[in-house]
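Only one chain is included here, represented as structure tokens and corresponding to the form predicted on its own.
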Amino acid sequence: MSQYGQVQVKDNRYKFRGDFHRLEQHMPIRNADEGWKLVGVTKPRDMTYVHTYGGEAIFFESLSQGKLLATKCENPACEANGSIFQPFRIYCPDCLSKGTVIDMTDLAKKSATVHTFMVCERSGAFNMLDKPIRFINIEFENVCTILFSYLLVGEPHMGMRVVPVFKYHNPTYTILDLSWVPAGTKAESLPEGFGF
């Protein structure tokens, strides 16, 4: 049996190892209206996308460790000096200076509230979340931006206090490793793999 593919960086180059594309037998496509005449073949494919995080890698790594990082503009000449940005931004959108990485986990636990929400009953292809999906926009005290995420348990309402939960077990190293629950939710109410 073939080994699933893995990617590593060594000597500043991507090194691919294992099987990324599993070939399957080509199946004929026949036209039933024209005497089962051959009109083509199937070519199933698995696509492998390599997404590089660059300066945002620290953000995604921190989620697997139960930390929510943000960035802050510390350019004294910038109008946005002192502004905290969540979602994480490498550069200040006003002056384009490199932001300072800060840990805002405690701030999120103390001040996160639902700004707006939307419940999605049906979703498109490649959705990885259980339906219905409770999308929420989260605002934080002294943070100038709003984060788009999802409520893991409970029903959302505007102004609702929420706290972050993190996917510790088998993290995906994507934004799906961060979710939110109503403040006061007990640890035993969380789905397997998630924790405070």
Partner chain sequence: MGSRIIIERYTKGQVRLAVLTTRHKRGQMIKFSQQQLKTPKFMRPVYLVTAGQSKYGRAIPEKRTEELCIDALTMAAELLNLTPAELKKYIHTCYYGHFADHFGDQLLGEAVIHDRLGLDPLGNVGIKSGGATGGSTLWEAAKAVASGYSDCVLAMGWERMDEVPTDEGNFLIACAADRDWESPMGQIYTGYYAVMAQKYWQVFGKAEASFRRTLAEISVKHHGYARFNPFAHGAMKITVDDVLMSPMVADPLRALDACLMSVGAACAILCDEDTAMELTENTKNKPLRIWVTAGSHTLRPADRRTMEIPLLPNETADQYKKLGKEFPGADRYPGFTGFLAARIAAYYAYRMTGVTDPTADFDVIELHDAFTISDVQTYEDIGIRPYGHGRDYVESGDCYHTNPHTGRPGKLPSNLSGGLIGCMHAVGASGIMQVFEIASHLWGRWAEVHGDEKRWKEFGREKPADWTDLQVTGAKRALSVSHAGVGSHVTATVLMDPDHLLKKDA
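Residue numbers count along the first chain shown, from 1. Keep in mind that what you see is a predicted model, and the values were worked out from it rather than measured.
The form predicted in complex with its partner chain exists for this protein as well; it is not shown, and the discussion that follows is about that form.
Student: Report yes if any heavy atom of Met118 sits within 4.5 Å of a heavy atom of its partner chain in the predicted bound form; otherwise report no.
Tutor: Although its partner chain is absent here, Met118 would touch it in the predicted bound form, with heavy atoms inside 4.5 Å.
Student: Although its partner chain is absent from this view, report whether Ala125 comes within 4.5 Å of it in the predicted bound form, heavy atoms only.
Tutor: Heavy-atom contact with its partner chain at 4.5 Å: present for Ala125.
Student: With heavy atoms only and a cut-off of 4.5 Å, decide whether Ala80 touches its partner chain in the predicted bound form.
Tutor: Yes.
Student: When the contact criterion is heavy atoms within 4.5 Å, does Arg161 count as touching its partner chain in the predicted bound form?
Tutor: Contact with its partner chain, no.
Student: Which residues, if any, of 127-144 lie within 4.5 Å of its partner chain in the predicted bound form when only heavy atoms count?
Tutor: Heavy-atom contacts within 4.5 Å come from Asn127, Leu129, Ile133, Phe135, Asn137, Glu139, Glu141, Asn142, Val143, Cys144.
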